[in-house]
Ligand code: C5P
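Read the single chain below, which is given as structure tokens and is the form predicted on its own.
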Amino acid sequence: MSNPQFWAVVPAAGVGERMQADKPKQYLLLNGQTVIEHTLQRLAAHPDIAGIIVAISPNDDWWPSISVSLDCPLHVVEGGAHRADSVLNGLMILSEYLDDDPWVLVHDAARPCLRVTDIDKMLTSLSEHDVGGILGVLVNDTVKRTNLNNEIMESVDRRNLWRAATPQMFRLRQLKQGLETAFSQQMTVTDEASAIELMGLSPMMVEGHSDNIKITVPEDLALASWFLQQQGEA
């Protein structure tokens, strides 16, 4: 491996139970390709992404059938039981081969509609930032807080509230340290920013497009198909 400035890590070891499909959601067909093929192509399309690490479950029977042509190197590592395990495995491989401390963009395998312009915005906004940050969308809906009986207790002020998305971009060594610290403290982290926050640091939010959806339930597949067509990738 070379010594790049930006790498991408894609955790893709999940099973996606809520899709109720016969295979993990990243292997479902979307406009003629699998979801993960779209995702990897979007990342590789940015000229500053030097390479991609994808974390695959050791029991994955579908990945070998994927034949995706990318504009950058693609390396496969073994995924873990949880997202954070897969990401850390990818970071460990990178740290073994790279002498410097590149930026790493962690992106969900099930977000195939990521715009290259949003990647560009992240790199421009965060390259000189002390911590890094994540792509997200401001909350524009009215937000309610309920009790255990789903009765509304209050309306939540939505100012400065964001829906976190990916990519999430941090320095290799700092993110690796953050995830290792979370594991040692038996803290559950649902995204990379949470691990960074546990270290007392404040990642930056970068506003992206709302069509960067995560495919989670069956109806998301049709929505993603429409978004890709609107973006000119039928």
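All residue numbers refer to positions in the sequence shown, first residue = 1. This structure is a prediction, so every number in the text was calculated from the model and none was measured.
Keep in mind that the form predicted together with this ligand is missing from the display, and what follows is about it.
Using a 4.5 Å heavy atom cut-off, are Ala44, Pro47 and His75 all in contact with this ligand in the predicted complex? No.
Among 205-213, 62-70, 181-189, 22-30, mark the stretch whose residues have heavy atoms within 4.5 Å of this ligand in the predicted complex. Only one stretch passes the 4.5 Å heavy-atom test: 22-30.
Check whether Val9 has any heavy atom within 4.5 Å of a heavy atom of this ligand in the predicted complex, and answer yes or no. No, no contact at 4.5 Å.
Please tell me whether any heavy atom belonging to Val156 falls inside 4.5 Å of a heavy atom of this ligand, as the geometry stands in the predicted complex. Val156: no, not in contact with this ligand in the predicted complex.
Quick check on Asp118: any heavy atom within 4.5 Å of this ligand in the predicted complex? No.
Proximity of His82 to this ligand in the predicted complex, heavy atoms at 4.5 Å: Looking in the predicted complex, residue contacts with this ligand include His82, since a heavy atom lies within 4.5 Å.
Exactly one of Ala110, Leu114, Val104, Leu135 has a non-hydrogen atom within 4.5 Å of this ligand in the predicted complex; which residue is it? Of the listed residues, the single hit is Ala110.
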